[in-house]
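Only one chain is included here, represented as structure tokens and corresponding to the form predicted alone.
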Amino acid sequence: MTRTLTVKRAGPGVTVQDLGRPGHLAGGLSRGGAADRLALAEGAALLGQDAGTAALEMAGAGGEFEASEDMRIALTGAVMQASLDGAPLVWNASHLLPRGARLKIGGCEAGCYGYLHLGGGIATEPQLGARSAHLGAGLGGALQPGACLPIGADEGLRGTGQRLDPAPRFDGGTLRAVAGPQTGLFSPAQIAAFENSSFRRDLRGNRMGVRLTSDTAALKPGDGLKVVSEVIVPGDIQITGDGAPFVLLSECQTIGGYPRIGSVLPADLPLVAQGRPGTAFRFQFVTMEEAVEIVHLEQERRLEIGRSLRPLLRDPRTMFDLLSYQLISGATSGDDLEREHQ
């Protein structure tokens, strides 16, 4: 019998996402995939499975879900209110979702995009090599109540009851960027103002990109409107007609005509994706050599996430899987289990 997760209720931005579809720019399709790719790596580490395993991305709010059989789950990304049959669940941790139990995930308490991972991953039919919904291209779509998602065989290497400390990315900060072929359209004074100014996340933003505003930076290049449309990718910083930077995200278009002052490094894009309206950012240019080193260090750090996991202390009164624990040997005491989790 196929393992399934039934959607009882879903917010307007709940979609299936993985690492996206690289290699289709020539056909007019951007990569897409999860807005916060780091959250995919964190969920994969909690469940001991591949970082490309498809999960549910929840923009702003989650929903209610029910499993056809016992399943391992993990919760990462933007912190959201979560409960299992009324008992609160810890975020950035792995849990058992028992068959028939009701998993409820509410609104964001920090960040914008939360993720629900399942042991075995969501096993919908791939389209162009990926399972992720690409709303702009009409591939897949937001989940509706009543949807029944197939879940793959769970071959993960870990159980449940693990937690991690997520990399900080919900409070803005410095976005490291490299110069590009159009950086020279901006004067040295404009580039200096760009680096020395503080920007804030605008209300306008989605999976295509995020608009930033500033009271001090003047970023209108004289020849900017003469730029011929060319390839654009996630991370590119377009300067729109009113002089405001627009940082492109996973579902951006494949070509654009606004001048690009630079491109944010992939390691810092989760900060942009998870920044809520009003979040403050600054930009810092780095050399290409520094950028390559940052990318390598970030890749290594993501591979090491699994080594930083620690046990999740849980209340035995709310543990559906309590009988699976060995409580006789003396290594675990009732007092330890009843300590309040953080």
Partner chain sequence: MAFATEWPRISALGTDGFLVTFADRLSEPANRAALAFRHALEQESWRGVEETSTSLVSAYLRFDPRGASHAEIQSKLQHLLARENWFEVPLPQGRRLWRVPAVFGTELAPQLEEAAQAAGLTPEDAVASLTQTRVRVQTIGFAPGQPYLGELPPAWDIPRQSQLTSQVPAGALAVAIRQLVLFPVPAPTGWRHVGQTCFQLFRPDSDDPFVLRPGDELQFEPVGAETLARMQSDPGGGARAEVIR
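Note that this is a predicted model, so its numbers are computed, not measured. Residue numbers count along the first chain shown, from 1.
Below: the form predicted together with its partner chain, not depicted.
The partner is absent here, but in the model of the complex a heavy atom of Ser263, alone among Gln190, Ser263, Ser197, Thr160, sits within 4.5 Å of its partner chain. By the 4.5 Å heavy atom rule, the three marked residues Pro22, Ala137 and Val178 all count as contacting its partner chain in the model of the complex. The stretch among 304-312, 57-65, 273-281, 28-36 whose residues place heavy atoms within 4.5 Å of its partner chain in the model of the complex is 28-36. Although the partner is absent here, Leu297 is not a contact residue: none of its heavy atoms lies within 4.5 angstroms of its partner chain in the model of the complex. Interface residue remark: Asp268 is not counted as part of the site for its partner chain in the model of the complex, having no heavy atom within 4.5 Å.
At a distance threshold of 4.5 angstroms between non-hydrogen atoms, Gly106 is out of contact with its partner chain in the model of the complex.
Although the partner is absent here, Thr124 is not a contact residue: none of its heavy atoms lies within 4.5 angstroms of its partner chain in the model of the complex. Along 236-257, these residues reach a heavy atom to within 4.5 Å of its partner chain in the model of the complex: Asp236, Gln253, Thr254, Ile255.
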